[in-house]
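Here's a solo chain for you in structure tokens, the form predicted on its own.
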């Protein structure tokens, strides 16, 4: 291929290459020819060669050797060469290249050129790749051009000034007078550039923002002129007069009206006029309306205007365009906390969006639906959410179940409705619920004494029907173990009576024990339930003893330990079995004072799902009724728990017979082990901001290991989602962060999140920890960091 081929011929040759290797060969030959011609002093085709090199650069091949040629062509007096030179500079140069400094003087000369198109080339290049040094040198020239009589130059200079302000914020003061005067221009291009420049100045300097609040009446007049102006072919887009300028003005008004009563009052009438007169049948009109809505919701607007903005978003929800529906729900999510009643009017439309085929729309509709749940609509909303749960995508099931649980716990109209709702969720999506669901439901059932018979019958039927949902099976086994006698009586007024025999119940528990779908934890629940039934039935005790003895040689160490201990109860301590396997008393949560409908989603502290959940926590009686040592021996008999004993009020303790040989046997179980008194780990508040509080407590495990517990709560009025903690420690310290208890924090402290961090410090260095806190509130992402220089409780 000849070095002098035109650009079109080179493009045709490159496109006709059959392989990448052939394409590289064509480009290499052409680049070699371009280099040779660049070295010639008298070269009349410089612009032609540089244009070809720019095409090569667009294809991703190296073209750095043309940088100096760009500098030379910019200095050329010929417009054709200057134009290609400036284009090459914008593509091949940036502020990191030393060659960019060489064109500063050429740009300065061209900014004073008599030809407006040469001035335009210099302005575009400076706005595209001007460095901070270039901006400082040329800012006075730009300010001079802002006062030019030529509208074409003024609009280019305004946008160039925006780049200068972004690069060097201190230069913003230089452009304030000129920017203010540009608002009196009639040319739409100049007005657009002026509004963009003022927006940039106001966002970067609060003092400048106060000064430009005086321009609100001028902006309102410009906006009204756009609305009432007749058809103008130069600016009309689908029947809307210059929508780009309208959107820019609305965005600037939003910045000026934020936290300002007077500025907001000055623009209220205009915003109402735009909201009512803009055509919403076209995408262009929807863009203007959406920007109007954002402005209304962000300033101190009137209540009626806010309702009008919410209604516009409600109309967006009916739009066939999924993108419009998505942004409408995103906006509603941000204001549902402040304008809850206005958003509630569109609840039906929002719920209908749960049926949308688009996954993103479904997710937004789910988040918004959960935020709309209240005490007045809890039944209807949960009904719709349960219907959605039965057919929702797998990636949304965990979020849906968690939201339903929190809403039911906060607004449940009755305990029976609460239990039925949770059981429905467990039946539908039991594999997607969080770990704390099982102990929470057990706590709820335990405290609803009037519903024990109803619950055990319902759970038994669910267990017989399906044993694949592990969470449901665990709760069912727990209830059968605790209230099996009520199940066998078959006298339940709340539900249809079912005649269940002892063999039927044991068959169901054996099915769980032998099923390959049952996890180790679920088998532990079933084995404990079987053992508890030995005190609640009369004819099949030998069968229970046989079932328990089989698992005394189980390969699962947990099940084996339970079975061995239960066998010991049958043989050596049979006289104690009835007292040990008593029903669990009423249980309390960590945070006191919660009632139904306001209960939190915290884990029940008395229930440990990885141990014998039904009888691990036998309450400690007051010291005057029972020695502490006997209680610890009893704990060790049933699970060998090494955790500190949780103190429970004396009114809820179990009566334990301490007279005769029973007390002596209890004392003799472990050879007189003397427990040390439990001391709570010291805690300290390390972070408190915007309603989010993070506390830290430490517990020394050994000389080199330490357990750190992070607890987060949300005292604000809006829910928090996506709450994550990240921790960093010195390099010589090994860090292992366990999974958090939850990733959402309901409003008003309704629940707390805990996360365990294990630290190994073999070199005994001074422990410090840096914690990053990330979460999403009302659709906005927040991130903060805190450093803990000393951990509490360490000597």
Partner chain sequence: MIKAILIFNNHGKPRLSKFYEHYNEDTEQQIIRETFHLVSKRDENVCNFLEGGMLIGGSDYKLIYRHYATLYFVFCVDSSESELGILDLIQVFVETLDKCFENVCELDLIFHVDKVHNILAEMVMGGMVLETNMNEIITQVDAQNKMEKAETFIFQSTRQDR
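Numbering follows the first chain given and starts at 1. What you are looking at is a predicted structure, and each value in this text was computed from that prediction instead of being measured.
If you look for the form predicted together with its partner chain, you will not find it shown, but the lines that follow are about it.
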* Would you kindly say which of 347, 458, 163, 397 lies with a heavy atom within 4.5 Å of its partner chain in the model of the complex? => 163
* Could you spot which one of 35, 770, 64, 29 gets a heavy atom to within 4.5 Å of its partner chain in the model of the complex? => 64
* To do: Examine residue 120 and determine whether its closest non-hydrogen atom to its partner chain in the model of the complex is within 4.5 angstroms.
  => yes
* Would residue 133 show up as a contact with its partner chain in the model of the complex if we use heavy atoms at 4.5 Å? -> no
* Within a 4.5 Å heavy atom cut-off, is residue 518 in contact with its partner chain in the model of the complex? -> no
* Asked: So, in the model of the complex, is residue 358 in contact with its partner chain at a 4.5 angstroms heavy atom limit?
  -> yes
* Only one of 276-284, 255-263, 372-380, 173-181 gets a heavy atom within 4.5 Å of its partner chain in the model of the complex; which is it? -> 276-284
* Of 548-563, which residues get within 4.5 Å of its partner chain in the model of the complex if you count heavy atoms? -> none
